[in-house]
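The chain that follows stands alone, in the form predicted alone, written as structure tokens.
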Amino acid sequence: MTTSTKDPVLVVIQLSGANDYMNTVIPYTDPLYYDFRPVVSIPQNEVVPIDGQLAFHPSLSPLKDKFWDTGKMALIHGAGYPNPNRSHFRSMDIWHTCEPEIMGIEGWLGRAIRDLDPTAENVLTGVNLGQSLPRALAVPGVPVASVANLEQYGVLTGIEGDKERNQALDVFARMYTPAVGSGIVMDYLAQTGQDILKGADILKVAPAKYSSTVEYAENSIAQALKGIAQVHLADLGTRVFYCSHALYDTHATQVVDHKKLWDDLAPAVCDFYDDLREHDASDNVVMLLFTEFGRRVRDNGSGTDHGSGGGSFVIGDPIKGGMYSEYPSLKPEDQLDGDLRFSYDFRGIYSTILERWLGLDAKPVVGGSFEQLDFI
């Protein structure tokens, strides 16, 4: 846990659509990489080397300079789970609920928020910046404020009257009913819906309190992180922040699209931490970037299809930077039906953050004991 008097804070960025880890952290000295990817591989003279085997995609240069080179960025290779599922919905659901075998009901971060604030005294312990509330945050009785933009109304922030509020909650109900059943969804809304809206109303004070010399880009992820910075700096007691960045489902035109995604995300993360450091507010903030699965080893002639064996990043001042777990082998005999095999259970990442950073018992949150890593 943090040694300062400030409460530890977690920021989660979901890379929706399955980020291609092989083209993010690139095995640039392995000839198999170029054999399997004649179309989408990053030329060896363009990569940003980490060591003699792996390199960053060139669009991650800002993260390398600001975090990797200063020992504040951990790479967790091969993050996944047994019997990987290539469905976006199902795999993301597994990451959200830590339930690979059954359809989970409670989100792992919702459980964590419940442990951090058992009596729900603060409706802003968890805040999502986005159009919809991720299942990772959804637990009956646990309020999580969800706003698309602090200056505008989000999916759960219809504050102009009952009609708008009801419409917003109806959107949530329609999203989650197919997954967990109407009874559970309606129970969730009945118990927490008004608290969610109350929290969103309170969040409106954050922009008014905010002043910074950092100029964020106008893209969606930069603006989401600006919103998170505004809430964090407003000192409203938020411990868990969440936002998403899309769309990493690069079946076609991957070279251009993947570059654009990281061209937006990497500077946004750097601006976020520059903003916090300007206000002496970065030392208690850890950031996790994750995606639902990796992509297939062989390209399809324009992009890459759904695979497994992805990877995650953990960033922040308290992080012990470096590489963790083993980068999956590209050898055909080591692949899983044309995919990278996962080498580390993602629930170990969660367990490490929950216990070593947030100070919680990880077992009931993630559903068991999993190997923890030393990045915190």
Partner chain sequence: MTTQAKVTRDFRYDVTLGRTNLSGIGFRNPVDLALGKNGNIYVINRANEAQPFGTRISWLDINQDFHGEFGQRGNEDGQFIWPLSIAVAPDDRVFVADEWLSRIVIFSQEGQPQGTWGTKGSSDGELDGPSGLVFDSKGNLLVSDGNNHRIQRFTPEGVLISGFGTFGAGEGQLNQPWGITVDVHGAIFVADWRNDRIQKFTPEGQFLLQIGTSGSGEGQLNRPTGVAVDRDGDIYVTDWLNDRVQVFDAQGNFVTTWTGDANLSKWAELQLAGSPDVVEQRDTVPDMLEMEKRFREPIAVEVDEENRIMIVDCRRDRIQVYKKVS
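Everything numeric here is computed off the predicted structure, so don't read it as measured data. Residue numbers count along the first chain shown, from 1.
One more form of this protein, predicted in complex with its partner chain, exists but is not displayed; see below.
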| property | result |
| --- | --- |
| Stretch in contact, per heavy atom within 4.5 angstroms of its partner chain in the predicted complex, of 283-291, 201-209, 224-232, 300-308 | 300-308 |
| Among the candidates Ala252, Val214, Ala217, Ala120, the residue which, in the predicted complex, approaches its partner chain to within 4.5 Å (heavy atoms) | Ala252 |
| Option touching its partner chain, based on a heavy atom within 4.5 Å in the predicted complex, out of Gly322, Pro58, Pro49, Gly338 | Gly338 |
| Site test, Lys6, Arg239 and Ile376 vs its partner chain in the predicted complex, non-hydrogen atom cutoff 4.5 Å | no |
| 4.5 Å heavy atom contact, Lys259 to its partner chain in the predicted complex | no |
| His96: touches its partner chain in the predicted complex, heavy atom cutoff 4.5 angstroms | no |
| In the predicted complex, Arg86 touching its partner chain (heavy atom, 4.5 Å) | yes |
| Touches its partner chain in the predicted complex: Arg296 (any heavy atom, 4.5 Å) | yes |
